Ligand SMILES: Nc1ncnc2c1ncn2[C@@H]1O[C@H](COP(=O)(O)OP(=O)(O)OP(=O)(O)O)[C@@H](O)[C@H]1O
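Presented below, as structure tokens, is a lone chain in the form predicted alone.
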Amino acid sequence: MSSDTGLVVQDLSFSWGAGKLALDRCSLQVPAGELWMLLGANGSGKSTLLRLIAKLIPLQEGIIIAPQPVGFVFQNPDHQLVMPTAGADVAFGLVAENLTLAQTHTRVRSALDAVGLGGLERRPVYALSGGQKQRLAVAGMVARQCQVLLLDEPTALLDPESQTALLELVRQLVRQQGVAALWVTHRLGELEYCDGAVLLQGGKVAAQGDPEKLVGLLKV
């Protein structure tokens, strides 16, 4: 599944109009098989960057190299879980791939097993906990064999135990499947799980690289 290049962003700029610059010549790289954190204050451009990479908003200036498919996990899983049961929701994302029924079932079971939800194919989505819903959202990306995984504050609505479980799960999947993952966070404690980090300030990349060095900058 892996891509040698991972995710590459070069000189990315974006304006919401009327001269409101959201991103200003941002460049970063997330190698395949690594989990990077994206930090910055509210309004620094983090969500805009993720949405550009995911093609949820049109590119204006710059280059994005993102091996397909790209998966997006929202802060609130209820915004992306659309089917009544766990298995049906994972299968929904495979409709465009023209798989046989047997192939779809295999992909769904494998993806649910990978995120620790094996055997819950028929479980109603409403009956899942918040942590399980986020795992289900990730399962959808696993089933689609996403090469790039974008996560927009996926632990914001979770309790501490579920936060840790999701961090460990994503890190393990990234390692095993060679995915390039970019995770938006406001929690400095989450940086211990990543391979690198990027700090956005005012739409610009202020620093990137070693997570420990970025934590030092933020604590100054």
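Residue numbers run from 1 along the displayed sequence. Keep in mind that what you see is a predicted model, and the values were worked out from it rather than measured.
Another form exists, predicted together with the ligand; not displayed. Remarks below refer to it.
- The ligand is not shown here, and in the predicted complex it never comes within 4.5 Å of any heavy atom of Leu59.
- The closest heavy atom approach of Lys55 to the ligand in the predicted complex falls outside 4.5 Å.
- Under a 4.5 angstroms non-hydrogen atom cutoff, the ligand in the predicted complex has Ala41 among its neighbouring residues.
- At the 4.5 Å threshold, heavy atoms of Arg175 stay clear of the ligand in the predicted complex, well away from it.
- Shown here without its partner, the chain carries Ala22, Thr48 and Glu153, all of which come within 4.5 Å of the ligand in the predicted complex through at least one heavy atom.
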